[in-house]
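A single chain comes next, written as structure tokens; it is the form predicted alone.
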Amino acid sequence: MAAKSALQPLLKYLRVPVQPLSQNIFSISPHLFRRFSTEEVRGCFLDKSEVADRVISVVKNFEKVNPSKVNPNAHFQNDLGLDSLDSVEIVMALEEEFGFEIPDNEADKINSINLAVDFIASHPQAK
């Protein structure tokens, strides 16, 4: 903000020449203005079954988890016997696995494998 207020007096003297377009902007490329269908946008996200496999793998590799108890419907605290700190550590491991940061307000809601899969599969930054 300080930089913007310092530059404000100078900006009124800045002039940028603008050339009018010689042709209609819509005739340049109709693909620039194309709307994407739901199927095309959905293609940007990871496959839910792939996400489920990776989430289950992360949970099974967590040192305090008995791998035989892990299933897609497992709840971190009730089914796997983890405490809230363990749940936070699992969410952090999922962030590392999928390459993006899960906001704290969303991380607090992720308390089962299904919720983790749903959140990650619907997140555009998941890799």
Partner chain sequence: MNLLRGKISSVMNINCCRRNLFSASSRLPAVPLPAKKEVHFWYILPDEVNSAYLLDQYLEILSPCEKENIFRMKGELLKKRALLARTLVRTTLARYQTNCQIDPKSLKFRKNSYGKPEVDWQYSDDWSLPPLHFNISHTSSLIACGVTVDSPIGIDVEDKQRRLKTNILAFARRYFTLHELEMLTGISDPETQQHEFIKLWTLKEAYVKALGKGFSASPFNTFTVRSRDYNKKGICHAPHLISEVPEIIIESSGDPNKPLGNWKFVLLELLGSHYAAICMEQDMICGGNGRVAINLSIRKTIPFVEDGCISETDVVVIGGLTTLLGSA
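Numbering follows the first chain given and starts at 1. All values derive from a computational prediction rather than experimental measurement.
The same protein has a further form, the form predicted in complex with the partner chain, not shown here; the description that follows concerns it.
Residue contact with the partner chain in the predicted complex: Glu97 places no heavy atom within 4.5 Å of it. The partner chain is not drawn, but in the predicted complex it has no heavy atom within 4.5 Å of Val65. Though the partner is left out of this view, Asp83 does reach within 4.5 Å of the partner chain in the predicted complex, counting heavy atoms only.
Put simply, Asp118 is far from the partner chain in the predicted complex: not one heavy atom of it is within 4.5 Å.
Residues Gln77, Asn78, Asp79, Leu80, Gly81, Asp83, Ser84, Leu85, Asp86, Val88, Glu89, Val91, Met92 are the ones in 76-93 with at least one heavy atom within 4.5 Å of the partner chain in the predicted complex, listed in sequence order.
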